[in-house]
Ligand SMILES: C[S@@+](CC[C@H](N)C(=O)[O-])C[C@H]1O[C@@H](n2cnc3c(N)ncnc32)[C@H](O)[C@@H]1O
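Take a look at this one chain, the form predicted alone, written out in structure tokens.
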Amino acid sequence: MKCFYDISNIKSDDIFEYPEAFARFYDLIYEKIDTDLSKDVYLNEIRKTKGTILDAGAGTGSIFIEVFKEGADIYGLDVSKNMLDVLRKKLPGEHQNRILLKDIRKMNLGMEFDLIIAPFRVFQHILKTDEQINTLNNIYHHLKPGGKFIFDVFIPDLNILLNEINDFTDFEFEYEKGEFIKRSFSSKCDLINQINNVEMKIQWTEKGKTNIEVWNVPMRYFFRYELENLIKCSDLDLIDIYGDCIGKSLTNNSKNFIVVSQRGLY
């Protein structure tokens, strides 16, 4: 028997918004930082899909713009207006309707898709179990029969979870001549609720002034069989959980869970 939860109690103040400076510098930072998950995981699946795609967490368009330029029939949504404002500037005016300011927990798009992706930790911003299952069921109702939903979450590193990180700088760069940007972060884990509380800080210079913006980001972390049970408790069918890329088996060295699920044909 599948589980069902009511989504009517989701409040607008739960919306996940990127601060303006984080959105402004997002592309620059992630061009310079080596991430442990390649966007090719999603690009390859999109390129194999003959149909309509939804990028649920499109952000500034790292994936969206690349495949849109290749001719993919792709739509993108995000809960962050600041991130979508950056993306809209990259998109021709006649295609602005492909970008939606929506929450995947309670979206009602009136469309069905052949593939829905939630890339780069989107699912980890959904903190509560009932909302996670609501989201999976909502995605189910936006998939065509046989359509796939793919998302990723990081594999918890117990050494990191058990030890606080304080003001670690992972990025420092001259973004324009004479102007510098630095990003640092701290983290503290709530082991009981499986939430990693991250504080991110950006410092940048501009016209002789130093600016600082701080952002607190709670992120839910998951374990393998917890993910399997979430899918089984939703209307979706689990295809498999891979490590770091689709088709690659999980190992003790894997950094990411790649979850591939599907709406049944009937």
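From 1 onward, residues are counted along the sequence shown. For clarity, every value in this text was computed on a predicted model and none was experimentally measured.
There is also a form predicted in complex with the ligand; it is not shown, and the following applies to it.
Engineer: Of the options 189, 74, 133, 83, which one has a non-hydrogen atom that comes within 4.5 Å of the ligand in the model of the complex?
Structural biologist: Selected option: 83.
Engineer: I need to confirm a contact call. Of 102, 142, 98, 182, which residue comes within 4.5 Å of the ligand in the model of the complex, counting heavy atoms only?
Structural biologist: Only one option qualifies, and that one is 102.
Engineer: Any idea which of 190-198, 163-171, 118-126, 89-97 reaches within 4.5 Å of the ligand in the model of the complex, heavy atoms considered?
Structural biologist: Going by heavy atoms within 4.5 Å, the stretch is 118-126.
Engineer: Give a yes/no on whether residue 153 approaches the ligand to within 4.5 Å in the model of the complex, heavy atoms considered.
Structural biologist: Flag for residue 153 set to no.
Engineer: Residue 257 near the ligand in the model of the complex, any heavy atom under 4.5 Å?
Structural biologist: So residue 257 does not count as contacting the ligand.
Engineer: Would residue 62 count as touching the ligand in the model of the complex under a 4.5 Å heavy atom rule?
Structural biologist: Because a heavy atom of residue 62 falls inside 4.5 Å of the ligand in the model of the complex, the answer is yes.
Engineer: Report yes if any heavy atom of residue 53 sits within 4.5 Å of a heavy atom of the ligand in the model of the complex; otherwise report no.
Structural biologist: Residue 53 lies outside the contact set for the ligand.
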